[in-house]
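There is one chain below, alone, in structure tokens, taken in the form predicted on its own.
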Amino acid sequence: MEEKKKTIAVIGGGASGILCSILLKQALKDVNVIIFERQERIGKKILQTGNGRCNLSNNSISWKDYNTCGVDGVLQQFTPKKCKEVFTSLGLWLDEDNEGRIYPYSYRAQTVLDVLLEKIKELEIEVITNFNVLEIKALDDFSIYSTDLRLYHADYVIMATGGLASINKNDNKCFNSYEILKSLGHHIIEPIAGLCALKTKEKTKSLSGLRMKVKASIINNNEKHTSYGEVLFKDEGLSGIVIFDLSRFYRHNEHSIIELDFFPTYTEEEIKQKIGTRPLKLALCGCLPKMIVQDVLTRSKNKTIEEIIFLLKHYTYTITQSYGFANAQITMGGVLFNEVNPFTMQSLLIKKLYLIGEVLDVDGKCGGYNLHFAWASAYVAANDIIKNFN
């Protein structure tokens, strides 16, 4: 009697799940690799990455760019160079910008997804959509139950279910991956929105749409984090890359302030010297947008040059809340990273269960770092399964 083929179930058809399934099927041609996706198609979130341009990775990636040094074991195996090799081998042309960010040559996320989907088709990887996992039981093998009572068995399970970022409130009700992993013994750090805009107590509508290069800091009680980049003023708060980076350090239950420095390369004394004896409003209009100048002058109580220059270097906003998961790029929190082997991504609690990508409590800054971890964890998990497959 013909021996039954072994099956690897990849739960989640996002960036990490898709790449992992491709790497597995390329090496294990006689194994069933099945992607289970709860939505109507796979890869939807890839289209949203990098503002639709898909910032694949970054040449300067280091464990210091993440919330845990534990990711170093993953990053050493999947460097930016390895990332470029893998995607080039899949047929994707690449390009890099002046800041080391790696993009598809087309600068279109759709191109990345097209290449991945073509490879899935070529390798005949089975994709089952509209499959919302209800429960996973781990006995001699894995039993995977859907909410509509379908049942599949697998020899390996890879949880690549992602997080809550970019999911609307109605869809949140269908996202039960954390509960499934809890039932398997894993612990969950409460998920919160990351890399997102922040709402402020102070009004920003008069500045809405304005972009400025600044030094920005977030201050939570005695804790301070600083970043440089572009801030975008919104109707109800602040956005832009620099705010996204700082949003990783926003704590909902603490008093948090964003401080903007409009002149990061000048001291207060140097600004005063450059202004000289010219009328203050006229002098500032030569270096700042009129809307900012007016806002600064409105905030100033005494209208002295010293007070205004201080405001230009310490322009503060009180954070009231983030814009939430629907507008976030990543999820912070998830399964405790120290519950997986950092060199293989295998669960330390259940053999042949792997956790990859955003479902884990790993988050990095803007610029390709989070997508790189998705690819990296997929690569490491696939390599370990291939090496030890039985």
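Bear in mind that the values here come from a model prediction, so they are computed numbers and not experimental data. Numbering starts at 1 and follows the sequence shown.
The same protein has a further form, the form predicted together with a small molecule, not shown here; the description that follows concerns it.
Engineer: If the criterion is a non-hydrogen atom within 4.5 angstroms, does every one of N55, Q329 and A374 touch the small molecule in the predicted bound form?
Structural biologist: The answer is yes; N55, Q329 and A374 each reach the small molecule.
Engineer: Using heavy atoms and a 4.5 Å limit, would one call S217 a contact residue for the small molecule in the predicted bound form?
Structural biologist: No - in the predicted bound form, heavy atoms of S217 and the small molecule never come within 4.5 Å of each other.
Engineer: May I ask you to state whether S247 is within 4.5 Å of the small molecule in the predicted bound form, using heavy atom distances?
Structural biologist: No, S247 is distant from the partner.
Engineer: Using the partner position in the predicted bound form, report whether I243 sits within 4.5 Å of the small molecule, counting heavy atoms only.
Structural biologist: Heavy-atom contact with the small molecule at 4.5 Å: absent for I243.
Engineer: Is the gap between I158 and the small molecule in the predicted bound form 4.5 Å or less for some heavy atom pair?
Structural biologist: No, no contact at 4.5 Å.
Engineer: Exactly one residue in S166, T204, S239, S227 has a non-hydrogen atom within 4.5 Å of the small molecule in the predicted bound form; which is it?
Structural biologist: Contact residue from the list: S166.
Engineer: Note which of F78, F131, F87, Y315 lies within 4.5 Å of the small molecule in the predicted bound form, where distance is taken over heavy atoms; exactly one does.
Structural biologist: So the residue touching the small molecule in the predicted bound form, by this definition, is F131.
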